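What follows is a single chain, given as structure tokens, in the form predicted alone.
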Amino acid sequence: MARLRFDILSLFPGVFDPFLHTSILRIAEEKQLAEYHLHDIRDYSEDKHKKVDARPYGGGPGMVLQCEPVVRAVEAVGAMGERSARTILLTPQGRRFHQKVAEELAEEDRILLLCGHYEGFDERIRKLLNFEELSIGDYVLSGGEAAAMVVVDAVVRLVPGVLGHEDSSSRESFAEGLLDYPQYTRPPMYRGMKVPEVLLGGNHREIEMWRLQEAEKRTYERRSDLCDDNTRDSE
């Protein structure tokens, strides 16, 4: 049994296969630190054509996901296995997903992600299942699949043992409320641009000080809102 189990409910589960079995996510699975289970919501439809959506009452564009197949799917998948799941609905109406939320989710044993599509969900799905709702940003996607991939990727890399270096996740952008500092590698000179001398000198204390200063500078210049958030958090 892996350290963290994901159950992902979607109308298009096939889009996840290459993503979940590539790079860091594949490594996490091979190390038995994470496991991924995909579920097709249509499998829980009792309609002979496996239909899961209908026109909205009151009129309007698009189609709305129906109560019966979605509720049936979530309840059935939630009952699988021995561990209870933290159940999340991916929606632009949800709480903003950011690094602190990813760190919080990385402490869980099991996470169930429900991906929407079309014009959204019948409101009774929200009320019956009492989801936690998360949004990856203030924009609209065709479905929740891309958002689910963002959440899985951000969370899995924080599970202890997944990344190669024990400090890797703590040194990335947003880990301390700052953007990442500039990174350099070989060659030391390229098209007249030289690697900063401090990184070549071998003085680790000076390197850490330079990195912090550069991270603070970059954050202030590019994402001053993060500076404001850090100020509020410290009050």
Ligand code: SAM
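On a predicted model such as this, the values are computed, not experimentally measured, just so you know. Throughout, we count residues from 1 along the sequence that is shown.
Below, we turn to the form predicted together with the ligand, even though it does not appear here.
Participant: Report whether the minimum heavy atom distance between residue 79 and the ligand in the predicted complex is within 4.5 Å.
Facilitator: Residue 79: no contact with the ligand in the predicted complex.
Participant: Check whether residue 115 has any heavy atom within 4.5 Å of a heavy atom of the ligand in the predicted complex, and answer yes or no.
Facilitator: Yes, residue 115 is a contact residue.
Participant: Is it the case that residue 134, even though its partner is missing from this view, gets within 4.5 Å of the ligand in the predicted complex, heavy atoms only?
Facilitator: Residue 134: contacts the ligand in the predicted complex.
Participant: Examine residue 71 and determine whether its closest non-hydrogen atom to the ligand in the predicted complex is within 4.5 angstroms.
Facilitator: Contact check for residue 71: no, nothing within 4.5 Å of the ligand in the predicted complex.
Participant: Choose from 79-87, 103-111, 135-143, 153-161 the stretch whose residues reach within 4.5 Å of the ligand in the predicted complex, heavy atoms counted.
Facilitator: Careful reading of the contacts points to 135-143.
Participant: Where, within 89-121, is there a heavy atom within 4.5 Å of the ligand in the predicted complex? Residue list please.
Facilitator: Result: 90, 91, 92, 93, 115, 116, 117, 118, 119, 120, 121.
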